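So this first bit is one chain, no partners, the form predicted alone, shown in structure tokens.
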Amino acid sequence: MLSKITNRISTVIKNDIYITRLIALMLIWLVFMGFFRFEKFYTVINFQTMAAQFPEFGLMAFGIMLCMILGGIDLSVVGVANFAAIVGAITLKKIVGVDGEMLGIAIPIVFIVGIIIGAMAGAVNGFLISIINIPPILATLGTFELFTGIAIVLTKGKAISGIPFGFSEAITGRLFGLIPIQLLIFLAMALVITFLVTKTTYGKKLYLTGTNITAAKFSGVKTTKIIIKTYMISGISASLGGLIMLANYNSARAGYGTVYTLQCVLIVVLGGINPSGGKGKISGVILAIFVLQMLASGLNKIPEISSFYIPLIWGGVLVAVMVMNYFTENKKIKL
């Protein structure tokens, strides 16, 4: 059994240049942190903190991943996340009293409301792209401003605070005192998306549409339905990320997570998803999420590097990865 797993891993590494690149980057970074910041980086608390931090933007990255496989992109994920978090916060405060009554009922209701908000927001994106034929980058950039604007109106530009602490405690808690609940939500969504992409006809139609939408139409694929469904799943993923942000910050605001759009695009490209559509695996994106979180956590442990440089580093890495991917794809074509 162990030999089969080892052979499977070695095959993946050999055949997938993106996975190989990510594993190499992760190992180099782990060795680097071992030499220079071992006592601060290699602690149980640090790894638990990392496992609690990345689910919020990791879930948003899943949405962008699916849309990019489709040949589009979703730049509205942060706007959807904050919108869902704000509506969730308002709902929570309406249901739960000051003394925390009805919290057990309120938490699932908040998640259901958040999922509905995300699905509706995704349906709007899908409608604009598939029916109105607005380019995905323009449609989702416009809806990002739309959802952010609605969130600002709802909050009058202020943060919604005073959230019942029980909600934050429930979502940011740890199973058996070790595994963050946020991580379990992330893994559950990863399993759902993996199942949809690899085990259902939706996944086959998704890749076919992303590869060649005209061929997909002639093959009988209802591309409009696939596009709307994909953006709805993206919206749901973003809304779950927003609810995790709500629990982590114990407040909601229209301006939270502004850097996540760049991070999510970086994760998806780093994970081997082709921006042109039709190519990429969720395993690469999950590994890219882990690697990026390790990089971010490690950089925070180096006081010489100011946090103001982080966006510069992410932007530089994104450009470098896209250049490497360009030459990798060209090399494959020549071969």
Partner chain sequence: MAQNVLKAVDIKKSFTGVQALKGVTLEIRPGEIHCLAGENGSGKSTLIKVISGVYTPEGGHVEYDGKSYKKITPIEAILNGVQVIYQDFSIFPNLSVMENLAFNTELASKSKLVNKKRMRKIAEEAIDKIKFEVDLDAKVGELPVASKQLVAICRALMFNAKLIIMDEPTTALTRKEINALFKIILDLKAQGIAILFVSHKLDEVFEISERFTILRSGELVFKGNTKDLDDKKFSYYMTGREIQIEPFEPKLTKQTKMLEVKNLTLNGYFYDVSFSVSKGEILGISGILGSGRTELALSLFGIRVVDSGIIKINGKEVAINSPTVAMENGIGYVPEDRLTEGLFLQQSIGDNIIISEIDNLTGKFGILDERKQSEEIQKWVKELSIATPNPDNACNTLSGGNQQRVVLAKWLARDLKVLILNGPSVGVDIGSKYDIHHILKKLADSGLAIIIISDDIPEVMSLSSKILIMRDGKISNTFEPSETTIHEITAQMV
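Please read these numbers as outputs of a predicted model, since none were measured by experiment. Positions refer to the first chain, counted from 1.
Absent from the display: the form predicted together with the partner chain. The rest refers to it.
Of the candidate stretches 204-212, 243-251, 182-190, 166-174, only 204-212 has residues whose heavy atoms lie within 4.5 Å of the partner chain in the predicted bound form.
In the predicted bound form, the partner chain sits within 4.5 Å of a heavy atom of Gly220. The partner chain is not shown here, and in the predicted bound form it never comes within 4.5 Å of any heavy atom of Arg37. At the 4.5 Å threshold, heavy atoms of Ser161 stay clear of the partner chain in the predicted bound form, well away from it. Residue contact check for Ile115: none of its heavy atoms lie within 4.5 Å of the partner chain in the predicted bound form. Proximity to the partner chain in the predicted bound form, defined as a heavy atom within 4.5 Å, singles out one entry of Ala216, Ile107, Met120, Ile228, which is Ala216.
Along 233-266, not one residue places a heavy atom within 4.5 Å of the partner chain in the predicted bound form.
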